[in-house]
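The chain below stands alone and is given in structure tokens; this is the form predicted alone.
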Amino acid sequence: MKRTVSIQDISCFGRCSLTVALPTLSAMGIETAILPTAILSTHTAGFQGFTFCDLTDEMDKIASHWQKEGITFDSIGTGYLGSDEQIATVLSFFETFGKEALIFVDPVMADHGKLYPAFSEDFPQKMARLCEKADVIVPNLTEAAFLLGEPFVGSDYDEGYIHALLKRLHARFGTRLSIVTGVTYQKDKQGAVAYDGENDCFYEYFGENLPVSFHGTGDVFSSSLCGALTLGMDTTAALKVAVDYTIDSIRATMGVEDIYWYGVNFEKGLNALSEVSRRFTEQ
């Protein structure tokens, strides 16, 4: 059985971060450890007065115990990191546990052309330090622009722009796979495009572009993609798994107006995701 560790926060209510990653990766047949960065009473979209407990000081203690126990991982996945100190802590974790592991970084910090409110203008440069150590990075278009110090392109792009952007990401960070999410060449299709810098190859997979926007879809995509790559799926198969699972989760949430802002209904697709993963591992 493969073993991974997911490093991000826990929102005790609301589908995002570790409450998405842990069940998703477990359903894929991967033993999943967690290194929580913070505990929140709810996620931060749509709720007021949520509680927040920073766990930065505990992260090194947990990692030190794991090291003493000789625990190893096949992959390390990171999500939302809330401070400069946490980035430094994760860099140290990579040094200790990442020598034989796939390092998967989702540089969660921005969308729709803007940084999230919690982050200062210099945060992208600090996030770039994590990306330099990664085997796989999965920014959206906004995050890719911030990582490269470029203007945000908005919706005015084509395949040529995306391919050139991915090559610039590879040149800057040297990652094995650079993947841009939320790509739409056509209004009715959305997906992800990857560049394999070692083999100079592009891969892509698109599904239906549904006319809605829900909290937590990036976490659904990222966790399932990390899981597929951890299992050893090739890039095209891994993109298909993650895009299909994300779209199925969105579709399962549409029309349920009283709960959609809690996050997407990823749970409904867990059985299918588990079956796809089982078939792959039994080949």
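Everything numeric in this text was worked out from a predicted model, so none of it was measured. From 1 onward, residues are counted along the sequence shown. We call the rigid core the largest set of C-alpha positions that still match within 1.5 Å between the two forms.
Beyond what is shown, the protein has a form predicted in complex with a small molecule; the following relates to that form.
Visitor: Using a 4.5 Å heavy atom cut-off, which stretch among 38 to 46, 233 to 241, 23 to 31, 56 to 64 contacts the small molecule in the predicted bound form?
Guide: One stretch meets the cut-off, namely 38 to 46.
Visitor: Select from the listed residues I103, C131, L169, V108 the one whose heavy atoms reach within 4.5 Å of the small molecule in the predicted bound form.
Guide: By the 4.5 Å criterion, the partner-contacting residue is V108.
Visitor: Which listed residue (F202, Y116, Y161, Y185) meets the criterion of a heavy atom within 4.5 Å of the small molecule in the predicted bound form?
Guide: None of the others qualify; the residue that does is Y116.
Visitor: Can you tell me if T19 lies within 4.5 angstroms of the small molecule in the predicted bound form, counting non-hydrogen atoms only?
Guide: No, T19 sits far enough from the small molecule in the predicted bound form that none of its heavy atoms falls within 4.5 Å.
Visitor: Is there a heavy atom of Y80 no more than 4.5 Å from a heavy atom of the small molecule in the predicted bound form?
Guide: Y80 belongs to the contact set for the small molecule.
Visitor: Give a yes or no for R251: in the predicted bound form, does one of its heavy atoms lie within 4.5 Å of a heavy atom belonging to the small molecule?
Guide: Output for R251 is no: heavy atoms all beyond 4.5 Å of the small molecule.
Visitor: On a core-based superposition, does T44 travel 2 Å or more at its Cα between the shown form and the other one?
Guide: Yes; T44 is a residue whose C-alpha shifts (by 2 Å or more) between the shown form and the other one when the cores are overlaid.
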